[in-house]
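Form predicted on its own, single chain, as structure tokens, below.
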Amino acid sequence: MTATAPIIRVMTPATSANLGSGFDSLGMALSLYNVFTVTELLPKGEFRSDVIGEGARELTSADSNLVVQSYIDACRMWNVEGQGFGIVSHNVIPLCRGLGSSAGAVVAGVLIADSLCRVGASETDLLRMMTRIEGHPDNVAPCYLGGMTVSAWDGQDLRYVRFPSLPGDMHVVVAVPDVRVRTKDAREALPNKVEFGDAVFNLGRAALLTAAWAAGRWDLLSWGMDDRLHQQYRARLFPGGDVIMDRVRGIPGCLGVAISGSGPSVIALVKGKPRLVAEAMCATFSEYGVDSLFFVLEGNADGARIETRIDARA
């Protein structure tokens, strides 16, 4: 007599939230992927976790694996019985660098729960669950859907729109310094109140950014990505943060630049050859005594992908 057990593989992209003016509402997927593979099914409550790459020394147990914890949370909130499993995480997205590594783990955990427990949740229900676990949608929405997304969350319900991808001659350059900024610290760096004029400024810039993206007016990205709500405070949390964006903004071909998520990575949208922008970013971090690396990525990244196969087991 044989039994069948599903083996699941989930790929989730890196993401860059905010894009400057769109605090907690805008985000885009980047062509850098983590891969999570469920390798075996185990009794309820039993999990095994192996991590290869980023976090291999830190995420040493299932208790510290956010995919597993998100799976458990989703099963509890869906009120379904979820069995245990063994999982191997192949992580290439840098941790605590503002590139959505935690959002990718949340998305993977929810998708695994939906598949293993046969919930059959709709796209909206999946995104709502991901947002409940993550706390805000700016990373999980583009991670799941791909492309650039605009989303609004009121604590219970979610509305979102996926925008067209960037054209093929545009690149996304991401500079990643060898410094970590915890999301908690980045949130605590923000003021409790903002000036009315700054709120009006950001409202106009975020509206311009989304309108320009929808219309393909890439020449307006620099204005649209400008911000007065959060970047001036978060730039102080990492060396070179207060100068790097001003330096990069003026380089030919750079259409817009922003702190990626809560930082410290910096993202630039570049038309044409990205080399000058990447070199300027890394040179600035080096000037402030910080090692860094850069990625040149596509601006039309796919969202999360899940594969399920049924294996016969004795």
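Residue indices: 1-based, along the sequence shown. Quick caveat: nothing in here was measured; it's all calculated off a predicted structure.
What follows is about the form predicted together with a small molecule, which we do not show.
Trainee: If the cut-off is 4.5 angstroms on heavy atoms, which of these, Ser70, Thr284, Ser262, Asn34, is the one near the small molecule in the predicted complex?
Mentor: Selected residue: Ser262.
Trainee: Can you pick the stretch from 196-204, 214-222, 161-169, 132-140 whose heavy atoms fall within 4.5 Å of the small molecule in the predicted complex?
Mentor: This holds for exactly one stretch, 132-140.
Trainee: Check whether Arg234 has any heavy atom within 4.5 Å of a heavy atom of the small molecule in the predicted complex, and answer yes or no.
Mentor: Yes - in the predicted complex, heavy atoms of Arg234 and the small molecule come within 4.5 Å of each other.
Trainee: Would you classify Ala17 as touching the small molecule in the predicted complex, given a 4.5 Å non-hydrogen atom cut-off?
Mentor: Ala17 belongs to the contact set for the small molecule.
Trainee: Classify Ser122 as contacting or not contacting the small molecule in the predicted complex by the rule of any non-hydrogen atom within 4.5 angstroms, answering yes or no.
Mentor: Outside the cut-off, so no.
Trainee: Considering non-hydrogen atoms and a 4.5 Å limit, does the small molecule approach Phe23 in the predicted complex?
Mentor: So Phe23 counts as contacting the small molecule.
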